[in-house]
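Before any questions on how it binds or moves, here is one chain, the form predicted on its own, in C-alpha cells.
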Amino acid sequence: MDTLETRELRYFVAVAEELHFGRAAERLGMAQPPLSRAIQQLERRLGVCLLERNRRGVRLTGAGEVLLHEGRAALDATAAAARRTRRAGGADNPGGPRGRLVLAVKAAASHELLRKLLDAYAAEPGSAEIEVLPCGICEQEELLRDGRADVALMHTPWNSLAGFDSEALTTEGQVAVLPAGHPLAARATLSLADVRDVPDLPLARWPTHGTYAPGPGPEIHNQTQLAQLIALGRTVAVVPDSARSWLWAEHTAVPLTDAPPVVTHIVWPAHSRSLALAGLVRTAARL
C-alpha cells in the first residue's frame, strides 16, 4: 500500500499532535472508538507501528515521527491546491475579478519596495488583482505552504527559502533602534557586541517558527509592540535599515557595522504554473 487518504492523514496528525486519543477525537468532532480503529487500520495497511500506547499515554515511534512530518506537508499541499484553484476561478470572491493573487508581506516591512512593485505591476497589460496580506513575524512561509498566499516578500537571514523558488530584489544593512535619550543613541555607528549586553536595555527577541530563543529581552509579537517598548526604554532592536520608515520621534536608528546584510526576496511555490504570478515576478525583477 503506497497511497494514503486525506481523511487518514487528518486523523493521524490530530492524534500525533495531541498525543491523546480523547483530545484528538474531540478536536476532530468524532467519537474516540472509531478514531482508534482508524489508526489501527492505518498501521496494519502500512505494516508499521506509528504509536506506542501504554498506561502513561501515547508516544510517537520513529515511523510515526516521519508520517507526522510528511502528513502535515501533504495536508498543507491539498489545502493549498483547493485554495489556489478556488482563487483562480473566482469562487472565493463571487462577483469579483478572476486571476487574483494574494501577496503576503510582513506588516510594516518593505513599504517602499511594495509600493513600487504594486504600481509597476498594475501598469502591466492584463495584470491580475493583487491582494496584500499583512502578516506577523516569519509567517510568510506558512501562508505560502497552505495556500493562503500565492507569493510573498521574505527576508533572509530571518526567513527560510527552502522548498520555494525566489528572486533576490534588494540588499540593505541593519540598524540598532534605541530610545532617543539613551547614551548609545549618540554614537555614529555601533557593533552587534555594543547592543547585545546593555544592562539596562535588553535585546528584543523575535520568534523563529513560533519559538523564542532564551534571553532577558521581551518577546516581540508585532511592530507596534516593539515601537512602544523601545520608546519606553525597555528594549533595543536590530532591524533592516528600511525600518526607519516606521520610527517614532522617541527612537534613534544607529547603523551596525558588522551585522549581516538583509536580502529581500520575492518568493513563490516551486511548482507554480500561474501566468499571473510569473508576470508579477518579472515585474519585481525589473525594479
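Since this is a predicted model, take the numbers as computed values, not measurements. All residue numbers are counted from 1 along the displayed sequence.
Although not depicted, the form predicted in complex with the DNA is the subject of the following passage.
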Just one of 228-236, 244-252, 35-43, 62-70 has heavy atoms within 4.5 Å of the DNA in the predicted bound form; which? 35-43
If we define contact as a non-hydrogen atom of the residue within 4.5 angstroms of the partner, is Phe12 a contact of the DNA in the predicted bound form? no
Using the partner position in the predicted bound form, report whether Arg286 sits within 4.5 Å of the DNA, counting heavy atoms only. no
Might Gly29 be said to contact the DNA in the predicted bound form, defining contact as any heavy atom within 4.5 Å? yes
Is there any non-hydrogen atom of Val58 lying within 4.5 Å of the DNA in the predicted bound form? yes
